[in-house]
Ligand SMILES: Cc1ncc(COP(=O)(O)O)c(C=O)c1O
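In structure tokens, the next block holds one chain alone, the form predicted on its own.
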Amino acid sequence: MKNKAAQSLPAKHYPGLAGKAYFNFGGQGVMSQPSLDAIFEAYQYVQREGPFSSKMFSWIGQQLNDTKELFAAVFGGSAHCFALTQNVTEAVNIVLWGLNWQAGDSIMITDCEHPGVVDAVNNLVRRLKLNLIEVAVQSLDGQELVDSIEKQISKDGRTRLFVFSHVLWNSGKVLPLKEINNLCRQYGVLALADGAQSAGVLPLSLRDYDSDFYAFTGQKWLCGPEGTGALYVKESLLGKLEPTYMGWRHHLHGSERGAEKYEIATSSFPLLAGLRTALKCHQEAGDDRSRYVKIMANLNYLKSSLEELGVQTVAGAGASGLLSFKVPGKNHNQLVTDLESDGVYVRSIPEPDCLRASIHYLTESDDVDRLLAAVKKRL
């Protein structure tokens, strides 16, 4: 599919898009009908063959292996470096509690992390008596941003882990993943990237980026079911990151050589069939770069059109699928409800106070026009 322009599947393949302009992929994506069918068929198979049987244990192992193999093919790295999780928060907690912390160590985060990550880090800091360092990233770009991170790390001297979003959830700003990873490595600091708003949007090769830890979810831009996600762990760190909770799933593989040791117990395994189908639907629509080109074309069209209407877009937007903007004189929480009455679905963000639109490659120019008309009507 190299150089093939991204093509959306027919609208009937995505029931959640029917009759609406949907801009909430950054919260939860819409599942395709093939994904829904795959989940239903998997549940039928489980019941038909016996939910607890020797055949079923073999089937579960295959579901886990097939999903990890597909992650490796899509995002790079080796299959055994992926631990399957229910969401990004679970993946982040695996890393937070899997390191050998000492009282007085420091952990660094950005000033734009999602509340789920902030709460998880604060809990760790409080219980283990760590130091919390917060670095500003929203107002900085390029080398200035990297220099600011380096200044904080070198000044502290005890930073063990830097937790940051590849794409900031509130503005859509893209942080320089490879540069941050390289910087952290120079100072012996581990890097944990939250990929909730990047996986499924940006062309991504975890091996090329030389990531230590990368967490992502299946239900957002990947358009899979909720309750699916993964943590990527660099192979050299598999022996250093300890599991906090122990379960039976790593025994399916007969060893603890891979990231399966971070998986715990029973979950909804038929959901994995839906997630793999979702990934295959994306691949059928075009390669990751062609899909990204389409996302950027519609995002830039929306951004320039909003600015022509006098609507302020939040600084830093323009390189990912997220576009945050402020409608003057309006309560953004109320505006979300008002726009939904016109069949337009966006969300509000508390900090900065704004609306956020998620532009997917499934987003069409007609959807953007519908959003623009709905906003213009309320100016």
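Numbering starts at 1 and runs along the sequence shown. Remember, predicted model here, so these are calculated numbers, not experimental data.
One more form of this protein exists, namely the form predicted together with the named molecule; it is left out here, but the text below deals with it.
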Inset, instruction - Report whether all of Trp169, Ala196 and Lys220 sit within 4.5 Å of the named molecule in the predicted complex, measuring from non-hydrogen atoms. - result: yes
Legend entry - Heavy atom contact within 4.5 Å of the named molecule in the predicted complex, the stretch among 154-162, 83-91, 173-181, 263-271: 83-91
Legend entry - the named molecule contact in the predicted complex: His114, any heavy atom under 4.5 Å: yes
Inset, instruction - Report yes if any heavy atom of Gly29 sits within 4.5 Å of a heavy atom of the named molecule in the predicted complex; otherwise report no. - result: no
